[in-house]
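The chain below stands alone, shown as structure tokens; this is the form predicted on its own.
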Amino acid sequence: MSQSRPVYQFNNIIVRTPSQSVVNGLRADDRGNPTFEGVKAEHDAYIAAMKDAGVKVTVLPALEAFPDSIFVEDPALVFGEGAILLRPGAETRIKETLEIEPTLRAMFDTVLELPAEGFTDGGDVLTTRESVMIGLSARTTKVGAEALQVALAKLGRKSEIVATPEGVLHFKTDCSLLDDETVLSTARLAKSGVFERFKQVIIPEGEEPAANALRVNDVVMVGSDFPRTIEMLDKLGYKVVPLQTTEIGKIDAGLSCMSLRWFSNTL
């Protein structure tokens, strides 16, 4: 779907307050538990950065029964045209969709559901100007990705299914959009050829988690633990906003995971 508005232009986001149970969040690589206070501070700074970027923020209450529910991007997708309820690939997260559904139905005229087969995490979905890229991973199956393609078509969105490198949790763990023509990618994902039609900016070796950056309007939010990536993007002319991600990084998360973002013409 081609559009005149940049794909990174947003005026509305949804976030969810972290629960005390967030310290028990899922992780593939155990680097110790985060602290609740640390996660909350990072989340508060994230909300402040979003407001500074010109976005209206809807904050949902914490869900103690779901440690990973701060990561609202996985159970749903949102666009100006409507929302899609997903089926997260981790068993402990699948009911998060039911928790966010009432909010989405209140905020969107069109809310689509996926059939009860296969799994799809929002962390595997990268929206670009020409298509929505769906990465197959440990959390997103081929059946789930194909079902998402059907739903996206109903919203008038083109899509494509791509491969996520072995051992990478989510497609967007290794990439993000810098602008309509440019992606920020790890070397391992770039080598797959999935971004051949884009300009590619490659993450410096050793700072791979920085690939999960987030472009919102005029700024690129980047984890503050990655100085070489920040310097590289600054030299390329991007307006970088460093944000602490040390604590959420302990539960395999990054900046894109913590919000659902869209542009509403009715604001």
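Computed from a predicted structure; not experimentally measured. In this text, residue numbers run from 1 along the sequence as written.
Omitted from view is the form predicted together with citrulline, to which the following refers.
Only one segment in the set 141-149, 189-197, 111-119, 162-170 has residues whose heavy atoms sit within 4.5 Å of citrulline in the predicted complex; it is 162-170.
Within 4.5 Å of citrulline in the predicted complex, a heavy atom is found for not a single one of 77, 78 and 262.
Contact annotation for residue 157: none of its heavy atoms lies within 4.5 Å of citrulline in the predicted complex. By the criterion of a heavy atom within 4.5 Å, residue 251 is counted among the residues contacting citrulline in the predicted complex. In the predicted complex, citrulline sits within 4.5 Å of a heavy atom belonging to residue 26.
When contacts are judged by a 4.5 Å heavy atom cut-off, residue 123 counts as touching citrulline in the predicted complex. Using a 4.5 Å cut-off on any heavy atom, the residues of 46-84 that reach citrulline in the predicted complex are, in sequence order, 68, 71, 73, 74.
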